[in-house]
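As a starting point, one isolated chain is supplied in structure tokens, in the form predicted alone.
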């Protein structure tokens, strides 16, 4: 468990000795005059443990916020619990955060299957499930789940961009798809169908899935190559994306290769796979690549680097998960500032759905955060980029949907 408990010492004792008024506690659970308690679930262990870097960076970010005086004088207490990327554990840990730890809301809980497992519970209890850390299209459904909101672009949107690119650039392509066998992976199949339209049945020669319990995807890679695919879409999380990049190279197979945006991290995917083996791989981006020299003098990335140097010394500066976390946490700070002194769960959700053209220092130029009562997809634009052996190289224009 990561716990950023900033109310220690005399200030914490004073806060504990003078409990908030009963009405205040009822209207704003997890909030006192001195603090805001925020919960998170993340796979700090298990097959997707690379994502633990996100929670670590968020904890460090909120330490920075607290050092600067907190939000309206309230210190942030951030509690991240390990669910090992297992939906039953996510349910257990989420209930613990809400019912025992007494958090105001859950921030950036990770994993499509994991967060799907707790979405009914969060909505039934009217607890904000904010900025869910997956791009499943389902997180933008305010009509049915008004207490759940995503943050990053949806996987369906991303896959549609790949499909349209292939249709335009390689209309005779034979496409193979590797996808994680859950809503995360299946969103990519839906998006590809959106992008390819009627050509999907003709162009996609094979689809193969993997389970998060599978030790490798070697057999899937061999079967996709054997099917004659000259274009490959890997809808996989970091461990398996790195394996696929490496296996494709080992097979001396040279498809036009697209990988999921969630697996673009140089630190946790490209380097483990082999930087030379990844040359030519394409993904869609919405955030600045911390390894790209073009951002060396960028003001937003300078802020991020200063944060990393002071609050995460020794952490992998090449891990894109740290950049992602910085963007999410920055967005949340804006939401909390808009709330003023009304930090009730209802107003937190209202303000999360009232973000207007918000500029985040780590997002690509031209990409902003915007939400409304009917738009629970805060980021709706991306740009293609290709790995050149040293860095991700952007190409084409920003594509908004």
Partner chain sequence: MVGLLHQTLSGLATGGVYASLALALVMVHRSTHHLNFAQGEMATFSTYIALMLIQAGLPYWVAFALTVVIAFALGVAVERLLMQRMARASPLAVVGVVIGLLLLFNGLSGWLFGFTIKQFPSPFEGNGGGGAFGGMVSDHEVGMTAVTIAVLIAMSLFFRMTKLGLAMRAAALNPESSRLLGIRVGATLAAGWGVAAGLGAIAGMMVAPIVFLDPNMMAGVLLYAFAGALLGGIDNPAGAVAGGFAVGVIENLGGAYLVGTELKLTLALVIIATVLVVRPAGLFGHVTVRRV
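Rigid core: the largest C-alpha set superposing within 1.5 Å between the two forms. Note that the coordinates shown come from a computational prediction; the quantities given were computed from them, not determined experimentally. Positions refer to the first chain, counted from 1.
There is another form of this protein, the form predicted together with its partner chain, and it is not shown here; the text below is about that form.
- The closest heavy atom approach of residue 238 to its partner chain in the model of the complex falls within 4.5 Å.
- The closest heavy atom approach of residue 220 to its partner chain in the model of the complex falls within 4.5 Å.
- In the model of the complex, its partner chain stays beyond 4.5 Å of every heavy atom belonging to residue 129.
- Looking at residue 297, you'd find every heavy atom of it more than 4.5 angstroms from its partner chain in the model of the complex.
- Of the residues given (123, 318, 216, 303), 216 alone sits with a heavy atom within 4.5 Å of its partner chain in the model of the complex.
- Between the options 81, 247, 119, 74, the residue in contact with its partner chain in the model of the complex by a heavy atom within 4.5 angstroms is 247.
- You can rule out all but one of 202 to 210, 83 to 91, 98 to 106, 132 to 140: in the model of the complex, only 202 to 210 has residues with a heavy atom within 4.5 Å of its partner chain.
- Here the marked residues 330, 341 and 354 all miss its partner chain in the model of the complex; none has a heavy atom within 4.5 angstroms.
- Heavy atoms closer than or equal to 4.5 Å to its partner chain in the model of the complex belong, across 170 to 186, to the residues 179, 181, ordered by sequence position.
- Put the two forms on the same core and the Cα of residue 274 is off by 2 Å or more between the shown form and the other one.
- Shown in the overlay between the shown form and the other one, fitted on the rigid core, is a CA shift at residue 313 smaller than 2 Å.
- Here residue 219 counts as shifted, since its C-alpha moves by at least 2 Å between the shown form and the other one after the core is aligned.
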